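Next comes just one chain, in structure tokens: the form predicted on its own.
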């Protein structure tokens, strides 16, 4: 049961992970002096852009998004506008949360907002791709036993690992080690990306091993 969807998921996750790898390697070849530490914001936006393009393309091709009965141009434009609005609000939300957790309010505002953009591409964008711009569906999926498909379960794991990774990445910053990766927000960005990659591996693996016991409520 679920074998075909799990194979699709594993293949798509492998492509997503490859996108992150290419977003690191290609700029290193094309941009002089590029490095994850030295030109961190460039790397950050390269990864965020790659994740966005790969996720949107794959989920559109796989048809994972919930079907809609409306196919009018007005409805499609409205859905696109709402999706963009949700992504923008997500950036503001993550920026606010990071500041509340101790990031400088004004001194490194660009770096903080850049981290918020990365977190949005790793989490909220995936929610939009899988569930559409539907806050009620998002709340349902992240509630207890709210998953209705293997893609919902995967969404929970990837989003959770990305957020936890960013949170764990903040722990080395206050330590007096004077390392280049302790500069804000390098460790948090790396933690978020590592968490995202971990989620891509863990989700299909966990679902595969528990597929015989998975039960989902009807949509």
Partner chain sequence: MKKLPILALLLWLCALFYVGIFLFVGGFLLVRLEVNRTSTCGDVLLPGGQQVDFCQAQPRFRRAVVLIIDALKIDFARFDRANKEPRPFENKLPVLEEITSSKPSHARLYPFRADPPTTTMQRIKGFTTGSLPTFIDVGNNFASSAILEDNLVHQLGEVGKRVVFMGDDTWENLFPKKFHRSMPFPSFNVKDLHTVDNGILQHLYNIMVGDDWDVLLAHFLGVDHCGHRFGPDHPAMADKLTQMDEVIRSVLDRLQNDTLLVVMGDHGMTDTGDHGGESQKETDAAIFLYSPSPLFPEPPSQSDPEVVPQTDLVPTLALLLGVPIPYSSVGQVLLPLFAPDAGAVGAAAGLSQAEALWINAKQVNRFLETYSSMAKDIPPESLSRLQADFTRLSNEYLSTVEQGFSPAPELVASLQRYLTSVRDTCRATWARFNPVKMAAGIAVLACACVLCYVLSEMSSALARESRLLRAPLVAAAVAGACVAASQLLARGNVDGPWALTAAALSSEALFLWRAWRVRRTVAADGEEPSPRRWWLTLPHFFLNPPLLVLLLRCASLLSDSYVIAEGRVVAFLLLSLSLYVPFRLNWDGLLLPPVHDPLKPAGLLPSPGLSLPAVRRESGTFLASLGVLAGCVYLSLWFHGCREEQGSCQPSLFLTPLSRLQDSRLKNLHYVLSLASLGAWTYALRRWLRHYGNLNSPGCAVFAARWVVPLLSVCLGLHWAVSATPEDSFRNLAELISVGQRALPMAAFSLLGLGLALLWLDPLTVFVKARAAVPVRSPVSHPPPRYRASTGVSPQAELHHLIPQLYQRMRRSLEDGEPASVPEGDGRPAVEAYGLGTVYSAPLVLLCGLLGLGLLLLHPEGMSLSFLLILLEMGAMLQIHASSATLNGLQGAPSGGFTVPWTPVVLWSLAATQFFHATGHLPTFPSIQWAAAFVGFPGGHTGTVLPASLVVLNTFSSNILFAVASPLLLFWPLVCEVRGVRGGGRGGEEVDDNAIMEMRLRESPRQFSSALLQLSTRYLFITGAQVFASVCAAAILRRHLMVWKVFAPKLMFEASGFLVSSVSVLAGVSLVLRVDLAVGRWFQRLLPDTSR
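Numbering follows the first chain given and starts at 1. All of these numbers come straight from a predicted model, not from anything done at the bench.
In what follows, reference is made to the form predicted in complex with the partner chain, a form of this protein that is not presented.
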Answer option from 81, 92, 73, 105, heavy atom within 4.5 Å of the partner chain in the model of the complex: 105
Checking 167, 45, 37, 59 against the partner chain in the model of the complex, the residue with a non-hydrogen atom inside 4.5 angstroms turns out to be 167
Going by a heavy atom distance of 4.5 Å, is residue 88 a contact of the partner chain in the model of the complex? no
May I ask you to state whether residue 49 is within 4.5 Å of the partner chain in the model of the complex, using heavy atom distances? no
Quick one: does residue 77 come within 4.5 Å of the partner chain in the model of the complex, counting heavy atoms only? no
Please tell me whether any heavy atom belonging to residue 148 falls inside 4.5 Å of a heavy atom of the partner chain, as the geometry stands in the model of the complex. yes
Out of 51 to 59, 27 to 35, 172 to 180, 189 to 197, where are the residues with a heavy atom within 4.5 Å of the partner chain in the model of the complex? 172 to 180
Which residues from 143 to 166 come close to the partner chain in the model of the complex, meaning a heavy atom within 4.5 Å? 143, 144, 145, 148, 156
